[in-house]
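Quick setup: one chain, the form predicted alone, written in structure tokens, and binding and motion questions come after.
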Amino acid sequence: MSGFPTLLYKELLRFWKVGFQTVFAPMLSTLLYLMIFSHVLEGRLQVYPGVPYTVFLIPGLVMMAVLQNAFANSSSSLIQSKISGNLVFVLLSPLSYREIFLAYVLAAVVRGLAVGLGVYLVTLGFFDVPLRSFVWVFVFALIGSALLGALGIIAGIWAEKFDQLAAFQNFVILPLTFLSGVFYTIHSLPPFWQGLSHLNPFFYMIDGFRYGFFSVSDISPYASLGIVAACFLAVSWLTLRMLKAGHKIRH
């Protein structure tokens, strides 16, 4: 098992060495979202009784940062390794495909949680954000970042160029994230769009994560956890199959 911690250390070091780009830049962009939306909508909209809109918005933005950065970490690492040609050194090492999967996913989880925690800590200096259940917050952040880390591996394996990876992120990840209830509750939508939102797995991650802060959610957090866990298992199974088969990474 000495290869697994080595690969994990390499993946952690890869994003930490450029922390201004991989950690602090996403934190800044997320805080800019918060500043703009809170300035425009604060005092004009209240989603939950007694909860200001800005406070409602913070957990959604934190989770959005967690998910997007977890995906970006594993996907960018794989595509860079494929294009530069150094992926062969990982494939030639005595590492099983399960160890490779775990190293990439765990590194993605660490980056996602680091960015999300940074955003949350900065907002605490300006807003009083309640935290009713740390367990729910941590569980959804952990499984959500792991799910996006595994999805990032799939995208990195599938993509052969940076523009293909950018297309996957811009046309799949970004719309699913923005239409998941980060900026609103789905009860404010017409019935058709409410039903469509229930087909978005990102909605359950955001809703369950927000439940840990306010003890209020659009659906039961247990149902959300079950759906997110099922999605994680399905995506992990597909990722492991692709790694085992060497799809687009073994020539």
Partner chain sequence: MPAAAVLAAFILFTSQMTLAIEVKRVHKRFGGLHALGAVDLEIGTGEFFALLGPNGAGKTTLINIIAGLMRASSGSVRVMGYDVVADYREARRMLGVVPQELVFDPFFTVRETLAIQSGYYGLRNNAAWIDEIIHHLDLADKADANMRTLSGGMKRRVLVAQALVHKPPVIVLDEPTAGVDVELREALWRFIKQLNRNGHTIVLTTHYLDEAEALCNRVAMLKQGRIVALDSIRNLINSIPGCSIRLRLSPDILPAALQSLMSSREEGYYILAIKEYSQLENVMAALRVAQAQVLEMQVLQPDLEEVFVKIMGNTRSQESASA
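From a predicted model like this one, the values you see are computed outputs, not experimental measurements. Positions refer to the first chain, counted from 1.
Missing here is the form predicted in complex with the partner chain; even so, the following discussion is about that form.
Heavy atoms within 4.5 Å of the partner chain in the predicted bound form are found in one stretch of 177 to 185, 115 to 123, 149 to 157, 89 to 97, which is 89 to 97. Within 4.5 Å of any heavy atom of the partner chain in the predicted bound form lies no heavy atom of residue 169. Residue contact with the partner chain in the predicted bound form: residue 13 places a heavy atom within 4.5 Å of it. Proximity of residue 230 to the partner chain in the predicted bound form falls outside the 4.5 Å heavy atom cutoff. Contact between residue 18 and the partner chain in the predicted bound form is found at the 4.5 Å heavy atom cutoff.
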